[in-house]
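Okay, so here's just one chain, in structure tokens, the form predicted on its own.
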């Protein structure tokens, strides 16, 4: 009778133990949010992109000219969320919206707390509601609300 080889086992958990650095451009953007300031970046064609991109989406040129923009803007399109899920940042109905901030050419995707779907509309003016506890994150803008 042949002996069975011993089978060795070891538990293993697959994980990625690295942290991506934000880099100089996004780091400056996030630092600005912590200080309740919003910056975009000027693209090769002069457009202002918010949040800033490290490389021009059309030419692939490196971008580094941060441009201050306002914390007010215009809703360009939106989608209403009737029943927020546990991971959503607002516990009550809200809109995901593209907001073109004053001074920017490319809209930013964020939340709008309009209170009710009937209050939402394309073209409405909104202002950032800042977090009470800024940490240098996109969530330092808690949401946008109608002006």
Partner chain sequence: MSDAREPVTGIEVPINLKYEFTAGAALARFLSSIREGRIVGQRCPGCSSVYVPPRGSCSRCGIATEEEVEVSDRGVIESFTIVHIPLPGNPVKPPFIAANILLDGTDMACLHLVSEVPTERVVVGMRVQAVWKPREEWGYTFENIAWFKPVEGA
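Superpose the two forms; the largest set of C-alphas matching within 1.5 Å is the rigid core. Residue numbers count along the first chain shown, from 1. Just so we're clear, the structure is a prediction, and the values are computed from it rather than from any experiment.
The discussion below concerns the form predicted in complex with its partner chain, not included here.
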Can you work out whether residue 30 and its partner chain are in contact in the predicted complex, taking contact to mean some heavy atom pair no more than 4.5 Å apart? yes
Residue 102 versus its partner chain, in the predicted complex: is there a non-hydrogen atom within 4.5 Å? no
Spell out, yes or no, whether the shortest heavy atom distance between residue 92 and its partner chain in the predicted complex is within 4.5 Å. no
Might residue 37 be said to contact its partner chain in the predicted complex, defining contact as any heavy atom within 4.5 Å? yes
Rigid-core frame, C-alpha of residue 15, shift of 2 angstroms or more between this form and the one not shown: yes
